[in-house]
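Shown next as structure tokens: one chain only, the form predicted alone.
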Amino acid sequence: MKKLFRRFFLVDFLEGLWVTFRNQHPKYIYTEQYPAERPQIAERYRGAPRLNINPENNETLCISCNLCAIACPENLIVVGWDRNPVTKRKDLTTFIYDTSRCMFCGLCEDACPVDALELTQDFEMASYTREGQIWDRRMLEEGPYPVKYKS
């Protein structure tokens, strides 16, 4: 009988509503002023990828070993290279990174022997098209440009 009474009068539903409304008091509400004030990012957060550049000669640190592409479980990294006949080394020609499919696991970052690829704390990677999520070498070296809003 008690079970039927609780079901008929929706007691469980009303108790749930009471919990919701009890916690919606204005003193419990916290609003971040996001565009004007940037949020604090956790130290170990993995966000936008970046190809690091050697500050001495202003060239990328990538040695075109392709280990990042091999380590990636999503197969979203494409490394293109040409053999330099003078130095007999690989020269990086293209580096394509598809951020739309990336799960930001950091395996590519761990596989890189020269720390050329890293996942930064940049989190603003939105674009209006899918093609905007496919980053080329230039975009990876420069990084995303967050919009500065005026308050």
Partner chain sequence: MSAVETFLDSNELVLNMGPQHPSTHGVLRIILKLDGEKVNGTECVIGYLHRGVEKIAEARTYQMFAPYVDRMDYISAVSNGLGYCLAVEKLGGIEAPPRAQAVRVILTELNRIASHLFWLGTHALDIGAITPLFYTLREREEVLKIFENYCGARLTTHAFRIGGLQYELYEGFEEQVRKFCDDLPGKIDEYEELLTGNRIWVERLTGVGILNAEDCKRYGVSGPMIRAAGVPADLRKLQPYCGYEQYDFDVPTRVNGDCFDRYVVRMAEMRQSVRIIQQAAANVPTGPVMAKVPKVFKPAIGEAYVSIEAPKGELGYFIVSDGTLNPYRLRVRPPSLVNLQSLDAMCKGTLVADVVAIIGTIDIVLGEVDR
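Because the structure is predicted, anything quoted here is derived from the model rather than measured. Residue numbers count along the first chain shown, from 1.
What follows is about the form predicted together with its partner chain, which we do not show.
Q40 belongs to the set of residues with a heavy atom inside 4.5 Å of its partner chain in the predicted complex. A residue is said to contact a partner when one of its heavy atoms sits within 4.5 Å of a partner heavy atom; D110 meets this definition for its partner chain in the predicted complex. Its partner chain is not shown here, but in the predicted complex it comes within 4.5 Å of a heavy atom of R44. In the predicted complex, its partner chain sits within 4.5 Å of a heavy atom belonging to P73. Here the marked residues A36, L92 and T94 all miss its partner chain in the predicted complex; none has a heavy atom within 4.5 angstroms. Of the residues in 6-35, those that come within 4.5 Å of its partner chain in the predicted complex through at least one heavy atom are, in sequence order, V19, T20, R22, N23, Y28, Y30.
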